[in-house]
Structures are given as structure tokens and as C-alpha cells.
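Next comes just one chain, in C-alpha cells: the form predicted alone.
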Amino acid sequence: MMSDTSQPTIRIGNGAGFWGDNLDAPVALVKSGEIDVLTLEYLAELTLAILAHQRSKDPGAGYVNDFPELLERIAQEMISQGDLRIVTNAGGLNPRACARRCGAILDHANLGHIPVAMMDGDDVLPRLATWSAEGVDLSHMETGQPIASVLDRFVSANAYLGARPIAEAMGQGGKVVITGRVADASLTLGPAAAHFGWDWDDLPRLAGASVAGHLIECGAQVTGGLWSGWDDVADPAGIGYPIATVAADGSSTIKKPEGSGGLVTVANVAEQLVYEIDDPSCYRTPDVDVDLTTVELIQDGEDRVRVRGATGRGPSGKLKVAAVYRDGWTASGMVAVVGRNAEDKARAAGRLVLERVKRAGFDLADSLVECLGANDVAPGVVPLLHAPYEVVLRISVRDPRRVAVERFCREIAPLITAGPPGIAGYASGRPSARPAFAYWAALIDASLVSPRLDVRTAAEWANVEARP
């Protein structure tokens, strides 16, 4: 592993917390000149479903196409900041195709000489049937449901890999590292481990950098986004995305670029620290099980928070598998309803639509009628003190039969003249039936999965033969 311990810290900025995040945020981070590594965390369970749908229509698709477009925007900065490195899971379900396209973009920008690393091996879809036949436990990790009932419907299945291959890629000189599914915190741990040359049993340091990765993985959530004190956030339109300055002992400082909007305080960093955490004493990653209860947060000046004291235990030896399977067809339709008794009228209209679909011969497998504006988004949290004068009716359905869902789509418009009074018009046009996907999560032994690393120059990637 290549390390550079002459530099006492490494500055890692995250410019995306999900696919669809602010397109200008990573550009601003790069142009600030305040980072050594740009990370981009694009993947979520929903994202995998979207990518699986795209790949089903085009075998060359399945990666996050925002990333190659970003490379075009920052190519000149990559030339002027020659030491800048980029680590991203934009490879999604097709890291090879992503690396090929990115190689062509970089080659065109006179960056054909830079090493681009592609990491895969996380795609375990072709192995599910074999594993199941061999007795590997692939039951749903939350419900215990056996996988046999849906085994023939999977469109993607990816194991959450760890930071070691990322660190190895950077040790081999990788300036751009493109992965498939990795654990979110690994995007930060990998560069830090490579930079300092940490051993993989150095648990306190691995835990510390994993905490830094967890804090910045959701982008602006740690710099004022989603903050309960949102009205105290300065210039939210120009909110800065986070930078974690990681030290050799694994501690870090969280900040945002100078002059950017947002805020970084102990309070809002603490909110992000426990975000999406089940057991704070055991935050599991492929590299280390982190104990967040020992972490100390210290305000270290304006918009700077020091993070120290993380402890950890060896990893469990298990990897999470995130899988997506076809689950029929779905659609949602919305209309606005106004006037006295708006909620009652909306709910009656929802029942009316479903009854008309039933009388047409289709008893839908699943349906949901909601009145947005009448406490249906967060039912039971706050009592409704006054009957609303206007609501948005949203009706959602799912069924194995496309024809059933398409019939539902045709029953929204008749509400305008054949429903209760107060239907104000479309909140959306006629809905369309679309494939429904469901999520499956399982745990497998880490020994069943082997990451693969391929490091080539951008110019070499540009000329790699395309393949499904």
C-alpha cells in the first residue's frame, strides 16, 4: 500500500449524498482547493432498483451517468490540481462501462495518462441460485422469509464491499477510483488507510476514519441540511458540502469550504452521527465494527467540529447483500380537492376509483389512499386541529398484472366530472403503469465474495471493448 505520512492529514470532501444531489456541490468542493480527495456517494437501495431497470433495457447502462458529466466539468481543475483524487461508487451495477466512458472523457480532456481504477466483484446476482441450492442462508435479514419464493425474479444483487480494494487502488496510483456497491463509510476509509499506510487490524484508526466517512456520506446533512434548527442556517441556497480532515490517529475535523453557506456545530454533527444507526455501540461495516458511544465532538472554532475517541472491534465476517426483484406493476395518481369537507370528499373519491377498477374486473393486490394535508404523511404525530379546506388526494396501487394497473390509470380523470364536488384539477397528468421493484436484504459470509480490481490509464479504458 502506498502511503504519504509526510502529510499529517488528508482532506476528504464528499460532493454527493445520493444520486440526484446538488450537481454543483462537487464542482464547488473541487474549486475551493481545500480537498485532496473528492468522494461521491450515489447509491441507495432505491438507486439500485433504478439502475437495474435501466440495465434491463440496455446492457451497457446501469451506472450513474451524472458522474461522467461531472468529470467533463472538472477536467481542467484536475489538470491544475494534479494531486486531486476521486473515489465514487458511481459504477453502480456496471463499473466497467462507467470506467470505459470516463476514460474516454478524460482522454479527450488531455488526461489520458492518469490511472483509473475500476473495482467490481460485488455483483452476486449470477450466484444466488447456486448459493440457494447449496444451502447458503439467503433469508430476508429482517423478516426471515426464505428466498425461494422470489428467487426467479431478481434483477440485481450486490454485496457491500469494504475499503481495502479502494486503498489498494490508490496504492497503485489510481487517481479516479470507480466502484460498485461498497459500504458508504468505505469511500472515506479507503483513501485515509492508503494515505497513512494503516494496517487492517489497527481498529481505533479504522474506526475513527469510518466515523468521518459516516458523517460526510450524506453530503449537506452534516453542514446544515435537514437540521432541526433550519431557520438558523446561513445562506442555505449556497450550502457548503462537507470536508473531513482526517489525522494519522484516525481523528478528524468536519468543516465546509470557506465562504459557503450552512453551518457545522456539535449539535448538527451529532444528529448526523446517529443517522440511520440501529445500535450506536455496534455500527457494522465490512472493515470494522464501530462503537459510536465513545465518540467525542468538540467545537473547534466557527463551522469546525473535532471528532475523536472512536473505538472499534473486528468486523463480523458477514457482508450485507442488497437485492432487488420484480414485484409486478405500480402507479400513483394525484388530484387536488378543495372546499368544505375536503378530506371526506378526497377519501370518498379514492374509494370510488378503486371500486370502479374492481367493477371492471380487477381486484388490485395492493392499494393506498392518502390525503396530503390531512396528516397522512406522518399519521398520529400531531393532532389535526381544524378540518383542512384543501388536500391532495394520492392513490397508489400495485398488482402483478399490468392490465389491472393500466385500468386504474384510466380511472383518475373521470373524477373531474363524475366524482365529489371540489375536484380542482390535476395535480399530475394521467399516471402510467411502471415496473414495481421490491427490496431484499440478506447477510452472507464475506468469504463468498472476492473483490476485483482493474487499474489502467484513462486512454486504455477508452479503448476497452464494450461488453454486456
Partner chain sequence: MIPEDRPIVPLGDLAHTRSGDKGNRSNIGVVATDARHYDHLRACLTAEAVAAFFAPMGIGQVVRYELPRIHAFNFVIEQALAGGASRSLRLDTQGKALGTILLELPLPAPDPVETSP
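Numbering follows the first chain given and starts at 1. Owing to the predicted nature of the structure, the values given are computational and were not obtained by experimental measurement.
There is another form of this protein, the form predicted together with the partner chain, and it is not shown here; the text below is about that form.
Checking D120, D303, E370, E343 against the partner chain in the predicted bound form, a heavy atom within 4.5 Å turns up for just one residue: E370. Distance criterion of 4.5 Å from any heavy atom to the partner chain in the predicted bound form singles out D279 from the list D83, D231, D279, D363. The stretch in contact with the partner chain in the predicted bound form, judged by heavy atoms within 4.5 Å, is 323-331, chosen from 323-331, 186-194, 172-180, 244-252. Candidate site formed by L46, V382 and V397: every one of these residues places a non-hydrogen atom within 4.5 angstroms of the partner chain in the predicted bound form. Contact between A378 and the partner chain in the predicted bound form is found at the 4.5 Å heavy atom cutoff. Contact between S210 and the partner chain in the predicted bound form is not found at the 4.5 Å heavy atom cutoff. Taking the partner from elsewhere, V295 is found to have a heavy atom lying within 4.5 Å of the partner chain in the predicted bound form. Mapping the unseen interface onto this chain, A109 falls outside it, with no heavy atom inside 4.5 Å of the partner chain in the predicted bound form. The partner is not shown here, but in the predicted bound form the stretch 262-289 reaches within 4.5 angstroms of the partner chain through a heavy atom at A267, N268, A270, E271, Q272, L273, V274, Y275, E276, I277, D278, D279, P280.
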